[in-house]
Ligand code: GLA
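The chain below stands alone and is given as C-alpha cells, in the form predicted alone.
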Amino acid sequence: MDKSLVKKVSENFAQNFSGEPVLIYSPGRINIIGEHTDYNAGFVFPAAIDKGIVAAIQKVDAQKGSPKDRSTATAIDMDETIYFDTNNLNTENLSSWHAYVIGVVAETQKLGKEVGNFNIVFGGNIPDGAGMSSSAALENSVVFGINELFELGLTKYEMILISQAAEHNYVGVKCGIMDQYASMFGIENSALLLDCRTAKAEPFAIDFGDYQLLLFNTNVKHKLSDSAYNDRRAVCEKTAELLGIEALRDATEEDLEKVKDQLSEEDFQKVVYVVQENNRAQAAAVAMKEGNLEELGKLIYGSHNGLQNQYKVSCDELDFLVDLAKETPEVLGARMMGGGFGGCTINLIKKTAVADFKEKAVAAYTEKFGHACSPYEVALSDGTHKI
C-alpha cells in the first residue's frame, strides 16, 4: 500500500471536512489465468495487488457544519465532486465513477439497510484502463466503508454481491464475481483459485522461485470493450440454455458439438474457448502445486491464443506484446489480462531478464505504435480492509 496515497487522501479530507474519517484500502487485482470464465460459473486464478483505492469516509452528522441531507463524494484524481442525498437517491443517467458510488448505496438500500448521508474522498494508483479492476476496488471501498460507518452487519460476501449488482444495474456491465471477490478476499503473497459457482477459493502461496510476474500496460482502451463483453456473455448464456445446463462450466467440448448447427461458427468458437479456458485454469492449479512453471507458461500462452483467435477480445497492441514475449526465452508465458481490447499483458519471466525485457519491449512497442507501454511489477496484497 502506497503511504503517500494514504497521506494525500487524508489531507484532502481534512481540508474539506471535520472529524476523523474511517480509512479504507481496497486493492485492484491481476488474474494469472481463467479469463471470461467467471460469468460462466467457472474457475479463475486472481490475486489482489499493491495498487488500489484509498478512501476516507465519515458520517455527516459527525462533522460540524455539514448539511445533514447531503452526501459528498470526491474523486481527487479527477478533481470531481458530486452531491447526493441517500434518503432520496437519483439513480438516473449516472456517468463515470458516479455510477459506482451511488450504485453501491442503492443496492445496499435494496437489502433494507439504512444508509445515512456521508462524505467520502478517494484516490488511487491503479493505472487507468489497465484491466486491474479499479471499478471493483472503488465499489468495495464504498460498501466496506458504509458498512463500517453505519454498522450494517454485512458479511464480506454480501458486500461483493452489492458491488457486482452496482456494476450490473448502474454501470451496465454484466460482470462476473471475480474482480470484486479478489479485491475483497485477497491474501498477501497468494493467488486464489476461485470457483465462481460456489464462491469458495483455495489460496496458493506464490513463490515462482527464479521467476516473477511482470505486467505491461498497453495504455490503450478500445471503445468496443463494454458492448463486446455483454454480447459475449449473451452468447454463453444462450448456449447454456440450448444445452439445458445452468452455465458453460457444466459443458464439455463434446456437448458443444450437439448444438454447433444452432450457432454461427464465430459464436461456436467463443463457447469452445470458455470450456477450454476453464480446463486451463484447473490445469494451472495442478502445475503450480507441482512447481511445473514450464507447463504453467504453456497454459498462459494457450489462454492468449484462445482470447485472440476464438473469443476475439484481444487487439493489435496486446498481440504485439505477447508475440514479443514468445521471442524471449526467459519468458515462460504471456497473455492479455482482463476484459480485453486494451489494458495489460501478464508475463511469467525470469527475474534476471526483467530489466532487459522492459527496455526491449518499451522500445519496440513505442516504435510500432507511436506511444509507450508501461511496465509494472506488482506485489500480492491483502484484500479490502480498514487502514
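Quick note: we count residues from 1 along the sequence shown, nothing fancier. In this text, all values refer to a predicted model and were calculated from it rather than measured experimentally.
Same protein, other form: the form predicted in complex with this ligand, not shown, and the subject of what follows.
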Taking this ligand as it sits in the model of the complex, is residue 333 in contact with it (heavy atom to heavy atom, 4.5 Å or less)? no
Heavy atom to heavy atom, is residue 46 within 4.5 Å of this ligand in the model of the complex? no
Would you classify residue 97 as touching this ligand in the model of the complex, given a 4.5 Å non-hydrogen atom cut-off? no
Even though the partner isn't displayed, in the model of the complex is residue 342 close enough to this ligand, meaning a heavy atom within 4.5 Å? no
Among 52-60, 37-45, 314-322, 342-350, which stretch has residues whose heavy atoms lie within 4.5 Å of this ligand in the model of the complex? 37-45
Scan 130, 175, 76, 235 and let me know which has any heavy atom within 4.5 Å of this ligand in the model of the complex. 175
